[in-house]
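This document starts with one chain, in the form predicted on its own, laid out as structure tokens.
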Amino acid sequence: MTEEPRIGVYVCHCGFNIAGTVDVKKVAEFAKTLPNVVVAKDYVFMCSEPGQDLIKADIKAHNLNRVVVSACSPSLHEITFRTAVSEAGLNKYLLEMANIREHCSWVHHDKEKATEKAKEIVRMAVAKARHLEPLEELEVKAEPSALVLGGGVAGMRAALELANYGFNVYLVEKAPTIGGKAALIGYIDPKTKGPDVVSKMFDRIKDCPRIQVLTNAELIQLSGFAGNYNAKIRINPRYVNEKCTLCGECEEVCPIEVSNEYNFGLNKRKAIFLPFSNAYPPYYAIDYRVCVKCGECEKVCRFGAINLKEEPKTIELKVGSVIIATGYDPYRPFKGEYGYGLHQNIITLFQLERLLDPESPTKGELIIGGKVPKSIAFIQCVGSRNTTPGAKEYCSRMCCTTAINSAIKIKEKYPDTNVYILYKDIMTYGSDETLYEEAGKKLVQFIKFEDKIPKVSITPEGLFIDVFEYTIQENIRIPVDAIVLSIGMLPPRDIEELIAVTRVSCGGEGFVREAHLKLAPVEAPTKGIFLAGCITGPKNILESIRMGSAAAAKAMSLLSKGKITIEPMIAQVNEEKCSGCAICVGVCPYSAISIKKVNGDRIAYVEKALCMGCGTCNAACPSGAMQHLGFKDIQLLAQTRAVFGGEMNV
């Protein structure tokens, strides 16, 4: 662009958000004095329709070829203003935002100084705008299919939503069955169990031809870009096929026994096993990690359903988007933490939930240590909120509701059993608050502790809990028959492998990080990858299902047009300057850069669809050959000179 810049500057009041701290009229008057500024105005809400119309009219009336909007964060309204300038006939990348709200009015109280700072921010934006260039977006074809990683409630819901709208879905689950932990425990409300919801989802998935379920499977490689991902899936042998009639004769002859993870260690299972009664796919599986291939199961099977010679296989899929819904792992207390592992009557909340299920080893009876306890105590925040050395900082959100729900059910079935809940804070948010009141009516006793956590003593006379009761400010000792540790949620054990393969980001708490907690809660920073359920942090079953729907909706909006628009603010190579050193290749986190040979010379090459515009290569390039469109060196240098009061006419 060689024509002389003609810049319009628009200063937003944002109600009193900006105008309460910044003298916006003085800022607009100051902007008029800056080089190449043709017009500068202020308005109460620049993002409103009248505000946008003001900008559009000025673009035409003053023949503007650059626009600076001085308002809030670009993450909030940059798209709004880009659309406005585009509708007025201007390339939308000839817009620059000056953030005088989050960067100025919200963090200062002195109006005079805040106004001076706002002027400098606008001065910097104008300096950069003078060097802006028109950019063109790219379009690539999108595959009408999706890969969903994780077969829990969030993943199943996402798969069903996508399939209902006509997209093919590959639902990949590491375990031999889909359903996740909701298939075993948990409640959506006091009367609706997680397993009931999961069972209904199974029925819909069975009848849906667009969903292909791959169990015992995992993603081992992901390449490509939004709309065109290539996924390599490894499927480990199940050794049992669809001929299985669930007769159970194979299980009887199997000599191998291991802890049953589907009952959270409450009993044992065989190496050949059915995870739970209504598992899907509805046939047995052999745990290849513990099976010794003795062949007894194969010999006894009358239906030819077992093949111990089955080998792992790898398949390749082409999909337009990826939804990650691989869930969480329960916190596992270390031996001795509140006496865990030292006494059979000290169990976790997950084990209690399983005990109360009709399909548990006790058929739903509360039998701990061989008998029904006459008194039982829940200790909250085990593994959460820094209560013990191994605990995490965050609240796991679902523990209080689940514990109180279980306490109510115990009191309903065993009214003579004394139930205590030892808590730091009760977090039954939303409509679950009524559970707290109901528990009180059923005489569940709540005991509050603060920083000094309860102490569990295992004596010949039984179990005792010593705690300083904060409300009455006294030390008390509670004799109990059983203790339930309300454990929290952890990121899944294999999250590092998942991050390495999918190139998503890890948040501070160890879960996968969203693109933006409020504005893009189901999107990963990598375009075309979406997040659902507990992979971004603790959630209850209902929240996970809702997040599955939200992730599916985002994926549909991406795939429904059959093509994907790629932002042009990406890396660009100046081939005349590039020395082919390949530093940019090594630092690129998205594998978007490679080296190609042009007339015998090594030159960096950027795959535009893969580049996420992070700028890492730009910063690392020693020759300045790698430039970031929209943030070129000349643009940033002009901005930097402006902040130090340097000459803008460069």
Partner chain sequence: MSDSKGEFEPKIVVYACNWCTYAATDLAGTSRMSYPPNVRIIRVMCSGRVDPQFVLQAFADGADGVIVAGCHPPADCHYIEGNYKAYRRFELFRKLLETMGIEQERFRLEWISAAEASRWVQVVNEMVAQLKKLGPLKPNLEVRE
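Residue numbers count along the first chain shown, from 1. Small disclaimer: the values here were computed from a predicted structure and weren't measured. In this text, the rigid core denotes the largest set of C-alpha atoms whose superposition between the two forms falls within 1.5 Å.
We do not show the form predicted together with its partner chain, though everything after this point is about it.
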- Query: At 4.5 angstroms, heavy atoms only, are 195, 251 and 275 all close to its partner chain in the predicted complex?
  - Reply: no
- Contacting member of 414, 334, 165, 106, with respect to its partner chain in the predicted complex [4.5 Å, heavy atom]: 106
- Query: Heavy atom within 4.5 Å of its partner chain in the predicted complex: which of 625, 38, 612, 54?
  - Reply: 612
- Task: Look up in the predicted complex whether residue 223 has a non-hydrogen atom within 4.5 angstroms of its partner chain, and give yes or no.
- Result: no
- Should residue 618 be classed as touching its partner chain in the predicted complex when contacts are defined as heavy atoms within 4.5 Å? yes
- Does the 4.5 Å heavy atom contact test between residue 345 and its partner chain in the predicted complex come out positive? no
- Message: I'd like to check something about residue 513: if you look in the predicted complex, is any of its heavy atoms closer than or equal to 4.5 Å to a heavy atom of its partner chain?
- Response: yes
- With the partner removed from view, which of 107 to 115, 155 to 163, 240 to 248, 487 to 495 is the stretch that lies within 4.5 Å of its partner chain in the predicted complex, judged by heavy atom distances? 107 to 115
- Query: Does any residue in 582 to 598 get within 4.5 Å of its partner chain in the predicted complex, counting heavy atoms only, and if so which ones?
  - Reply: 587, 589, 590
- Query: Under a superposition restricted to the rigid core, does residue 568 display a Cα displacement of 2 angstroms or more between this form and the one not shown?
  - Reply: yes
- State yes or no: after fitting on the rigid core, is the Cα displacement of residue 181 between this form and the one not shown at least 2 Å? no
- Kindly check if the Cα atom of residue 233 is displaced 2 angstroms or more between this form and the one not shown relative to the superposed rigid core. no
